[in-house]
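Take a look at this single chain in structure tokens; it is the form predicted on its own.
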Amino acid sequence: MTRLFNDPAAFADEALEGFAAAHRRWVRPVTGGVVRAAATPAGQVAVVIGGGSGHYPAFSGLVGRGLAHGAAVGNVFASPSARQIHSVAEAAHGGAGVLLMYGNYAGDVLHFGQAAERLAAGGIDTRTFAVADDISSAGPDESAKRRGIAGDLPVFKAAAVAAEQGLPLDEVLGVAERAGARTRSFGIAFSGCTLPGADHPLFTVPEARMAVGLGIHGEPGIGEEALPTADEAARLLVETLLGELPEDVAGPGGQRAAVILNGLGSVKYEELFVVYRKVAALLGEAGVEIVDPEVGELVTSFDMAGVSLTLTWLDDRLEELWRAPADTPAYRKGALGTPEPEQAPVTTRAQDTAVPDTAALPPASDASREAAGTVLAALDAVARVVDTHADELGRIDAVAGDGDHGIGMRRGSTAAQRAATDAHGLGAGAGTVLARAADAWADKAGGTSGALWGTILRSLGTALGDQEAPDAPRVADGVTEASAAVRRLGGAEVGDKTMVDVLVPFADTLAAATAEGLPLSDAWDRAATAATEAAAGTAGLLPRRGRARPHAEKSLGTPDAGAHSLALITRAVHGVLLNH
């Protein structure tokens, strides 16, 4: 477990601050993460990687020559926000475009996609690529749904070296796609990990058993088996990966592979070496030539006791990229020339760091400013109910996910309440108060819930605006648009066991009730009741999206955490509407 921390909510920020201070030769801090100490050479594509904290040396430790130009770092097990990613990418940009790379998780896909859109709108040519190497998380026919785990490293490295060789952006993306298509990983664990400040692990493994097919966010495995010897563990890892070869690899015999035996956090290096001796022997027996193997902690999951094996099947070009030198804080290979000179820190654009002031506020009517008081009271209630139920939400999420839903919702709702308080104090209208709250929630929470709640609040803010006095139909229209926007952004529909299972009936019921002429508080009460019933109903569903999907059977009988939190929030807001 994590023993040395201050405020658990500040753990990721403080860890990143200390990392940057300890590695000034390689990196400099910018808003949202780190970039190389020296600027990206003019005309070179910048490869920007990222993901949540808790995986060191991924992601910040892989920034340096021969690897990434920058890394956006989110909170523990939560993707960085679109704003963080945008900030890091803008600081790393060398004029030839940016390739954003990340593991294939819903929150990362949402935030990196939003950041790419924002970068493109600002004139920076941008592409994205999600690593999806974990064969336990989906079958070969659904490989696009697989998680990204330790296969991040060889895919990131291939793209980064191609960028340093001067390839244009689309060709760098092509290299990433080639490396990703030829990379497979599989993992096992003997105990779960414990988040900073928590008093129990996200999952446990019975004595003398091991979890098979796990992710890197504290998700439980897809099954359990008897605890193996080191040689038995090696055989399971090797045989599982040799059982699924890329389409253009006819058989392991005569093939070359980059091999990574990755420790997930608390398996000793000596134990890894004991396992690797058998891995090497088994691959040799299968006729596989091992190229520059790596044994150690490369993509971790806090203090999880576990290991994963990654094979990247090489051709001549991929072998050249894999063997190329690299010099980063946590990963070094070969010898590079004279280090690039360090450069003075530069700030990101003012829009990423500036504190909002009255000059930046859109004009607002007195009626909208008055309504903003109700909005602020509602966000106060949201923050309180989330704080009260944060531990419960974490426990629900940990059944088949990574257990961080309560933490993320607390970070997001608290940040939204603070931003709304500041905006209201400056005289903002209801729409602007919600817009500021939306940005703060998305930025501080990260992850899927951060992106979706930012979308919900912004949709409401757009509907309310800063001029008109909000009425029941206007509020209902905002909730209806929020429901549609969340489905567009996340791709989920009713029945997928997500917050959409609550948001849709809530929005539909609210719209119908206001169309009948009910006052807002009565209409909201009816909709909140529908939301509560829908949230309870998710217990009988199997998840079809998100981190719980590979563990679908485990979640039967437990409601979806995002659906449950939304239902709690709708009821809390009703209490505010009764008094306003």
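Heads up: residue numbers just count along the shown sequence, starting at 1. All values reported here derive from a predicted model rather than from experimental measurement.
One more form of this protein, predicted in complex with a further copy of the same chain, exists but is not displayed; see below.
Participant: In the predicted bound form, which of the listed residues (Gly425, Gly334, Gly251, Gly284) lies with a heavy atom within 4.5 Å of a further copy of the same chain?
Facilitator: None of the other options qualify; the answer is Gly334.
Participant: Could you work out which of Thr128, Thr421, Ser266, Gln255 is the residue within 4.5 angstroms of a further copy of the same chain in the predicted bound form, going by heavy atoms?
Facilitator: For this set of options, the contacting one is Ser266.
Participant: Any chance Ala364 has a heavy atom within 4.5 Å of a further copy of the same chain in the predicted bound form?
Facilitator: Contact with a further copy of the same chain, no.
Participant: Is the gap between Thr40 and a further copy of the same chain in the predicted bound form 4.5 Å or less for some heavy atom pair?
Facilitator: Flag for Thr40 set to no.
Participant: Find out whether any non-hydrogen atom of Arg36 is located within 4.5 angstroms of a further copy of the same chain in the predicted bound form, and reply yes or no.
Facilitator: Taking the distances in the predicted bound form, the answer for Arg36 is no, it never comes within 4.5 Å of a further copy of the same chain.
Participant: Given that a further copy of the same chain is not shown alongside this chain, does Gly54 nevertheless sit within 4.5 Å of it in the predicted bound form, heavy atom to heavy atom?
Facilitator: Yes - in the predicted bound form, heavy atoms of Gly54 and a further copy of the same chain come within 4.5 Å of each other.
Participant: Would you mind picking out the stretch of 410 to 418, 267 to 275, 149 to 157, 84 to 92 that comes within 4.5 angstroms of a further copy of the same chain in the predicted bound form, counting non-hydrogen atoms?
Facilitator: One stretch meets the cut-off, namely 267 to 275.
Participant: In sequence order, which positions of 1 to 36 have a non-hydrogen atom within 4.5 Å of a further copy of the same chain in the predicted bound form?
Facilitator: The stretch 1 to 36, when checked against a further copy of the same chain in the predicted bound form, contributes Met1, Thr2, Arg3, Leu4, Phe5, Asn6, Phe11, Glu14, Ala15, Glu17, Gly18, Phe19, Ala21, Ala22, His23, Arg25 at the 4.5 Å heavy-atom cut-off.
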